[in-house]
Structure formats: C-alpha cells, structure tokens
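For reference, the chain that follows is the form predicted on its own, supplied as structure tokens.
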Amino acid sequence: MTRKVIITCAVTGSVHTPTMSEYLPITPEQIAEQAIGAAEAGAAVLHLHARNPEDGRPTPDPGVFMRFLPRIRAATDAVVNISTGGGMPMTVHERMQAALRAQPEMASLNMGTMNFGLYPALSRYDHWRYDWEPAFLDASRDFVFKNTFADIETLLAELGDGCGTRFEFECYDVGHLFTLAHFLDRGLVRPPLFVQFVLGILGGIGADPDQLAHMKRTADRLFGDDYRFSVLGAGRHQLPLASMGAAMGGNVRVGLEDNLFLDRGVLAPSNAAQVGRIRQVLDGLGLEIATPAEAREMLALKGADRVAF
C-alpha cells in the first residue's frame, strides 16, 4: 500500500515582515485566498496566523481570525491548524485566544522556551514599508519565546481537553522531544503524536541532514510507533530538508511563514506555488499526498463538523 504524505502549508506566520515580500498575505482576504489556493494545490493542513490588516503586524485578535476562518472552511475541507505561537511579545493567554474561540481540529504547540533570533534580517533591507518592522526584528536580540512546563500544561488542558483540539508539536531542538516525552509519560498527551521537526531557526537546532537524522533517531527511541513526524526547514533549507524528511518516511511543511522563496533569488508568488513544488518532489519519490480526510484519520482528529467557525 502506497504511503501517504501530509502536506502542511504555513500561510503567513509572524517571522517575516511585509517589506520582505509583496506576496506575503496580510489582510484577512489575502490570507483566505492564499490558504484556499494552497489547499487546492494539495495541502491537507493549513497552519494559520493572523496579521493586523492595516500594517501587517502579527495579531492574536480572534476577531481578525474570524474574518478568514469561515471563508476557508466554506471553500475547502482542509484541516485548519491555528498557531499558539503568535508573535513577539504575546503572552500565552494572548496566543491561545483565537484557538479557544475557534476550537479548531489542530493547533500548534511549541515544546519549550527558547531564544528566537530574527535580527539577522535587518542587514538585508535598506528601506522598510512600515516603521514597526526594523524595531520588531531588532527586539529579537533580547527576546525569549516563553513556553514553560506550566504554559504547556495550560494549553493542553484548555485547548486539548477543553476543545478536543489535537496538536502539531513543534520541536525546535532535541530537548523539546524529551519535553514531549515527559508529557506523554504523564498521560497529558495521547498518541498518535504529530511532531514537527523545526530546523534552522536562530536559537534552535541547525538545518542540516545530520541534525534531521539525529532528531528522527531520538524521536524513534522516545515514541516508537506512537508518532508521525513532519519536517520544517527554515528559509533556503525548506525544500532540501522536506525532501529528505519525505524520503525518511515523514510528512512535510512548506509555506511563506517559513520561506519566502521558490528558487534562489526568486520570491514565491504564492503559498500554492510552494505546495506545487514539494508535490513535484513527492511525485518523483513515488509518494502520494494525503487528502484532508486521510490526514484526519492519520492524526485522529475530531472532524471539521466540531469546530466553532
């Protein structure tokens, strides 16, 4: 039986700023349009953040999310995955507002507190579309993304137990895998786990094949048959590491949240273009992509009829 690969598309995120690409979706209309396009191109899971439509600044406002979530659900059966990562410097309660309001099938969950350096991007641009952008990036020199054990417990209880939401466990380093194993041992998370290996963020594990193999070996020891993994390579590492991950038996994540380019020096014109590119790789490997219905079965999700949008 042919193995199915789940494509996740992370549509806009909170890392890149509007100056960096004219194709980065900002308004609810743009986010909905690009999310729907990504689903039509083959993404079974849509990982979603929101932005202030006036200036593109990341926002946790549930009202902004509710301007695009119903439109996405009406146009596609893709699984909606709402970020609880938010953006600097949101508190855990701010970061979970939208997910609590929408009660999605999935939400992301960063498995630890970490440095999260975005400031190297400052040297790449001479002019900025909005005044907030350089200050936002520079602030990451002294920013710690906070997700303590207590924060994780809160998210698991309020979203997981309270809303029936399951998680994309984002693991930015090997220690995050051990933290996830701790919560599995305590019975606070339940298989099948969906583990996103995140490589190439300044403050996390490096983006190279040896590190991906190390993450996979460690997860195999900790979780055995109780997990499925996906691979997120930041920036130019997106396609090579996703391709490697698929060949290793995993799933893949692409999208403008993680990488703005389609080829060297060529901005991706849409999220759908990146989904299309990874589909070419999967086709070349003889792999089939999972439909949203198949992804729901693989990840034991509650179903789109039990969300609140």
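Keep in mind that what you see is a predicted model, and the values were worked out from it rather than measured. Throughout, we count residues from 1 along the sequence that is shown.
Note that the form predicted in complex with ligand KMH isn't included here; everything after this is about it.
query: So which of A98, I152, L232, V79 gets a non-hydrogen atom within 4.5 Å of ligand KMH in the model of the complex?
result: Spelling it out, the residue with a heavy atom inside the cut-off is L232.
query: Of the residues V198, A181, L239, C163, which one places a heavy atom within 4.5 Å of ligand KMH in the model of the complex?
result: Checking each option against ligand KMH in the model of the complex, the one that comes within 4.5 Å is V198.
query: Does the 4.5 Å heavy atom contact test between A295 and ligand KMH in the model of the complex come out positive?
result: Judged by the heavy-atom cut-off of 4.5 Å, A295 is well away from ligand KMH in the model of the complex.
message: Against ligand KMH in the model of the complex, would E257 count as a contact residue? Criterion: heavy atoms within 4.5 Å.
response: Yes, contact at 4.5 Å.
- prompt: Given that the partner is absent here, does F136 sit within 4.5 Å of ligand KMH in the model of the complex, heavy atoms only?
  reply: No - in the model of the complex, heavy atoms of F136 and ligand KMH never come within 4.5 Å of each other.
query: Is G204 a contact residue for ligand KMH in the model of the complex, using a 4.5 Å heavy atom cut-off?
result: Outside the cut-off, so no.
field: Listed range touching ligand KMH, judged in the model of the complex by heavy atoms within 4.5 Å, from 212-220, 185-193, 83-91, 127-135
entry: Result for this chain: 83-91.
- prompt: Does anything in 46-60 come within 4.5 Å of ligand KMH in the model of the complex by heavy atoms, and if so which residues, in order?
  reply: If the 4.5 Å heavy-atom criterion is applied to ligand KMH in the model of the complex, 46-60 yields H47, H49.
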